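Encoded as structure tokens, the following chain is the form predicted alone, with no partner shown.
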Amino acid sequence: MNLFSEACDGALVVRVDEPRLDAAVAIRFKEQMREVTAQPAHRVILDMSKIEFLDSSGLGAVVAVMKALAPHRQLELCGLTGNVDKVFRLTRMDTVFRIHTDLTSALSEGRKYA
């Protein structure tokens, strides 16, 4: 599982550099996210722009990360590709997560509320 993180405008940005977030990598994803999010930041933005396929295990892993960060930290998503966006809409998880079209809009929205 390739995750890359950096602090940017007061947020921790985590980029997933994998084409799939599915049952085969969900456990590793959660473990690595726990390590990466040990860095202090109120907002954690998960850039999912490289993910083309997300199954229920992958979705569950993202939800588990959100719950692990709550209530003091917020997980936001950005860059959802068409198939991934469809999974979030069909499961109504788009009402649970703050979803941005891309990283630039996620960071600029954060500046508005800072």
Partner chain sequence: MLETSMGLRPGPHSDSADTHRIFCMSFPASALSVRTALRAALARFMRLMEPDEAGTLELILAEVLNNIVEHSYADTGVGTITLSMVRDSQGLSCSVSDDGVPLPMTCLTKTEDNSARPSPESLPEGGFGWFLIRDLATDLGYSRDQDRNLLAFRLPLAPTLDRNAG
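Residue numbers count along the first chain shown, from 1. Everything quoted here is computed from the prediction, not taken from an experiment.
Keep in mind the form predicted together with its partner chain is missing from the figure; the text below concerns it.
This chain appears without its partner; in the predicted complex, the one residue of Q74, S49, S57, Q32 with a heavy atom within 4.5 Å of its partner chain is S57. Checked against its partner chain in the predicted complex, the residues V36, A41, L69, V63 give one hit for a heavy atom within 4.5 Å, which is V63. Its partner chain is not drawn, but in the predicted complex it has no heavy atom within 4.5 Å of R98. At the 4.5 Å threshold, heavy atoms of V25 reach its partner chain in the predicted complex.
Contact check for M93: a non-hydrogen atom falls within 4.5 Å of its partner chain in the predicted complex. Its partner chain is not drawn, but in the predicted complex it has a heavy atom within 4.5 Å of V87.
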